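Taking the form predicted on its own, here's one chain by itself in structure tokens.
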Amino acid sequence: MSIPDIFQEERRLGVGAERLGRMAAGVGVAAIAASLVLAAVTAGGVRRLAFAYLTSYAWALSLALGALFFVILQHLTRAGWSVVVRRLAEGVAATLPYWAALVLPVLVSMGVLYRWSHGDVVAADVLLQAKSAYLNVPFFVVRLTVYFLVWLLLTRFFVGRSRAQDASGDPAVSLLLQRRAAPAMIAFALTITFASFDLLMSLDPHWFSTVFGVYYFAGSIVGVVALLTVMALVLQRSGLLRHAITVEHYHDLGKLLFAFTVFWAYIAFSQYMLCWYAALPEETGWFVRRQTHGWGVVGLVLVLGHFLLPFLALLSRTPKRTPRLLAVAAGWMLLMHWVDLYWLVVPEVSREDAVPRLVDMTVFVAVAALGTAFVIWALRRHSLVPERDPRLAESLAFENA
């Protein structure tokens, strides 16, 4: 196989992308305004807005964290195939500073979201009193600060040095990133696990699951691999990276999407099966809320849409090697990932109505639009390919067995 000359094609976002970024930001701001109006004129709207924001924020944050994991993983495994798509993941991970700032509405809404944040509630609940050393507002804020500091430092280190290598061409940069990848992965695993406990699992402070962090992690990887697939196709249809990213790279992205779809289902079933088998009231109540009053339908949508349909769609070789078909499946998985977060969060505020409200949709549009703008801003000043990575030639010549 001949190695394509990527230096003969456009590798940087142009004016059109800048315009798209501004449009996305405008849509995001307009959707925020619409969400605030809906919250103001709807009974219980402010409370619902808080949970809607947490749902979409956890979705967007999981994509950025999944991208950070993808970047670290490529260095940890010294992967060659992924070099031409790694810069896209770096761009998504580079949005973490924006999401660090946008966690502020969650902190402002703590009194609405987390009943353990109320002293009178804790005083009347023996179990919450036992957990109060961990579940209290000051320590919650400190923990979130630590999580974001770790993520921002990891992003600055891995993304910053990768971009700097475009200018220096120093192969020692790749060696340094490989050496730091193992401890970085440990730090990432610990922070994403506890962040999922704090932001999502503590919505019901009586319920706990040691598998929950892995569940959130699995969803984040499904989401980010799907996002990278969609991004690659959109860029190629815009005239960028047409030679750098080939059907071989789509094939591997498809294999990753298939594998982590199965992994997500395995973790989801493991969590459910263990609670069902034990049949303890403090464990089963969380699932009962998600199986009654219409929420069982949402759970069935996840079983079919987040596992069975993509499993069948991605099982064979052909869809993985057909970029348009793969991108359709990837776009579907991005939507299903949001439905998964909706199923995790919203039953805590709407136990008898599983149908999404308009404010859920406007908040999702706001977060998705702003996320699009953030990714464009993160990528606009840099090459879309690590131009002087020592494994670039290996990635360009990559072929599946």
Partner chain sequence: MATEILDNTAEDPGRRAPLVLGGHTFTTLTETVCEVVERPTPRAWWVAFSLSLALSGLFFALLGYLVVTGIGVWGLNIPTAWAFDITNFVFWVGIGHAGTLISAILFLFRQKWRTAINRFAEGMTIFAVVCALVFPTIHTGRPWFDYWLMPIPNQMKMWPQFRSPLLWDVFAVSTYFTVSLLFWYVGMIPDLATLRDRAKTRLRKVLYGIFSLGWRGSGRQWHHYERVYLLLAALATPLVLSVHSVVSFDFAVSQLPGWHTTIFPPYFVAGAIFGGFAMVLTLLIPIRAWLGLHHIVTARHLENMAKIVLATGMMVGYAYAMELFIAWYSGNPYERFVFINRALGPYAWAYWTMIGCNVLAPQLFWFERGRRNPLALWVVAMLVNVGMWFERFVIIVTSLTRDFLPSSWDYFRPTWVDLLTLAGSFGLFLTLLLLFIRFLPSFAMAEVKSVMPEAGLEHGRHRGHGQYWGEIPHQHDRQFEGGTP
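Model, not experiment: these values are computed from the prediction. Positions refer to the first chain, counted from 1.
The following text describes the form predicted in complex with its partner chain, which does not appear among the structures shown.
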- Select, from the options 325-333, 84-92, 101-109, 182-190, the stretch whose residues sit within 4.5 angstroms of its partner chain in the predicted complex by heavy atom distance. 182-190
- Task: Answer with yes or no whether F197 is in contact with its partner chain in the predicted complex, where contact means some heavy atom within 4.5 Å.
- Result: yes
- Close approach of R391 to its partner chain in the predicted complex, 4.5 Å, heavy atom: yes
- Query: So, in the predicted complex, is S162 in contact with its partner chain at a 4.5 angstroms heavy atom limit?
  - Reply: no
- Task: Decide whether V288 counts as a contact residue for its partner chain in the predicted complex under a heavy atom distance cut-off of 4.5 Å.
- Result: no
- Query: Looking at L177, A218, C275, V298, which has any heavy atom no more than 4.5 Å from its partner chain in the predicted complex?
  - Reply: C275
- May I ask you to choose, among L144, L233, M201, L241, the residue with a heavy atom within 4.5 Å of its partner chain in the predicted complex? M201
- Item | Stretch 134-173: residues contacting its partner chain in the predicted complex, 4.5 Å heavy atom cut-off | Y134, L135, P171
